[in-house]
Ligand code: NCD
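We begin with a single chain expressed as structure tokens, specifically the form predicted on its own.
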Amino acid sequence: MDFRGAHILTVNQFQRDDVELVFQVADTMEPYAHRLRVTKALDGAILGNIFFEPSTRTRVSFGCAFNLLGGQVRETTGMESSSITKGESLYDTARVISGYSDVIVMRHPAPGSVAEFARASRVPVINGGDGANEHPSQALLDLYTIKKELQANGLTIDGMRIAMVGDLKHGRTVHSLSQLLKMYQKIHLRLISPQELRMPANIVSDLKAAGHEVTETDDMEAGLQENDTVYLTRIQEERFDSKLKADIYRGRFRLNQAIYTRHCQPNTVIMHPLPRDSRAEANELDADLDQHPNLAIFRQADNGVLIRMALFALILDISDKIKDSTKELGWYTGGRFGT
């Protein structure tokens, strides 16, 4: 695809070569994301960060990514702080905000809403999550993390074995990641969830049609065995009609040190898109794994900045211009990366 000026709305717009290009550019962003150098390649550019649904990592990492490239960020958070509460349409909002911005990231609770917004926008729009539908930049950072973690174990994405665990019905991160995996070869997927929260049938069909082996089960202990990666998700309470309905499934599938030791291979990578629900009644990923070397959740979050910097660089066509405005860092940063 031609990234220059493009909307990023769904992983289905990518070919495998496009994904590899994003990963290559993300690798070049490491000196800037890890505070070794400073660039002003996007000096004067403005990101409109519009989040109509709660977010910590996605909203802040997109903002940080843009800042680290030298741009500025303007934010709207929550429906209540926007003119949508006064009846303004997405069309009008898009026309206005795209006049103020050079690129827009948007999150909205309704599936398809970001695409609707993008049709009216005068600048590129990146989907930061539209309901239970898609989250393309999360899928890219997840796959980028998987690639790096597997490489450390001498493995590749092609032929890998991955278990996805939890609310697979409502989890847009697993939906987008699954669609991205269609581009690769001979992957073995174990989809572990309650019967009522299974992966949507069309996604399972797409994976099988791509030549992957897919097993669906509600037996977590059996499903955890012989995987290279375990990707956990929380119960998406906000997608249920009520908290009581979500509580039926909360805490049903948990991973802790004892379960990991008993059922996972010694080098199995542990991933989670975050936030993990650490309340006692849920606790799907126990804190007793926090110091485990195979827990990749914080490396995963760090990689989000790299991937989002790469997307901005490609969309705004500066990936080959960044070094032109580079200088050494002038402040203390410490050694917080790579752990």
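This one's a predicted model, so the numbers in the text were calculated from it and none came from an experiment. Numbering starts at 1 and follows the sequence shown.
Below: the form predicted together with ligand NCD, not depicted.
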Legend entry - Segment that reaches ligand NCD in the predicted bound form - one of 190-198, 168-176, 91-99, 221-229, heavy atoms within 4.5 Å: 168-176
Inset, instruction - Go through Leu314, Leu274, Leu68, Ile270 and name the one with a heavy atom inside 4.5 Å of ligand NCD in the predicted bound form. - result: Leu274
Inset, instruction - Find the only residue in Lys40, Arg57, Arg35, His292 having a heavy atom within 4.5 Å of ligand NCD in the predicted bound form. - result: Arg57
Inset, instruction - Would you check whether ligand NCD, in the predicted bound form, lies within 4.5 angstroms of a non-hydrogen atom from each of Arg107, His135 and Gln236? - result: yes
